[in-house]
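Here you get one chain, nothing else, as structure tokens; it is the form predicted alone.
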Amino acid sequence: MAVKDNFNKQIEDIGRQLKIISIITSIASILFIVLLLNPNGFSFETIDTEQTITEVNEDLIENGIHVRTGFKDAEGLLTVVQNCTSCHSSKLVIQNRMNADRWNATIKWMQETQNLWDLGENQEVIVNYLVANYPPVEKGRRENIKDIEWYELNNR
């Protein structure tokens, strides 16, 4: 019996040792992964918050361009920024050059199919801004080549 009790005690001791080893291995693995993902994760240096936080002026205009959106600075700009860039990129607006009728039709389509809210008096401001600053551009053939010395081909 004493041999059996001694054997059971040894098995329990080995079980406890294996549990301790697995816990230590798990902790070491987690620390290793954290260190790989963030090498400065265990750094005890203080961060100077005054240097890391910068103020961004979302309505900054440089050289006549609204920096954040790329829209031209003109009457109605902020109304366009507030209403149009809430749902999509300003680049989508800029690339679609239309006349007033087409802009109004597009706004109506967005209201019917894309859940655009009623713009009220802002619609006229928005359309006037877009037509004035991003009018339709006629596309067609390239301009004829000028000032070229042509030569005759010899048929042989």
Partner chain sequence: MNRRNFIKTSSLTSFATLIGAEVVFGSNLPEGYNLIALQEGDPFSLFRKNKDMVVLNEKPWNIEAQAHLLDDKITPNSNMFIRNNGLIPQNIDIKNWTLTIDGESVEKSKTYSLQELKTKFKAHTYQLTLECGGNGRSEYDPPAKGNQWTIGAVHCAKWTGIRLKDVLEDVGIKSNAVYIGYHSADSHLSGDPSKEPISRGVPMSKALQEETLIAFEMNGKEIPLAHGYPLRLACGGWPASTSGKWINRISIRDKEHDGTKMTGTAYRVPKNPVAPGDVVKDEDMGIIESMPVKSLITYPRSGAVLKEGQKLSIRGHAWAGELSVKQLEVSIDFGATWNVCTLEKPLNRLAWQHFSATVSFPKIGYYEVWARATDSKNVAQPMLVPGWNPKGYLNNACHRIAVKIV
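Everything numeric here is computed off the predicted structure, so don't read it as measured data. Residue numbers count along the first chain shown, from 1.
Quick note: we don't show the form predicted in complex with its partner chain, though the next part is all about it.
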I'd like to know whether Asn96 contacts its partner chain in the predicted bound form, with contact meaning heavy atoms within 4.5 angstroms. yes
Would Asn122 sit within 4.5 Å of its partner chain in the predicted bound form, counting heavy atoms only? no
Whether Asn63 contacts its partner chain in the predicted bound form should be assessed with a 4.5 Å heavy atom distance threshold; does it? no
So, Ser89 and its partner chain: in the predicted bound form, are they within 4.5 Å at any heavy atom pair? yes
Using the arrangement in the predicted bound form, list in sequence order the residues of 107 to 142 with any heavy atom within 4.5 angstroms of its partner chain. Trp109, Thr113, Gln114, Asn115, Pro136, Val137, Glu138, Lys139, Gly140, Arg141, Arg142
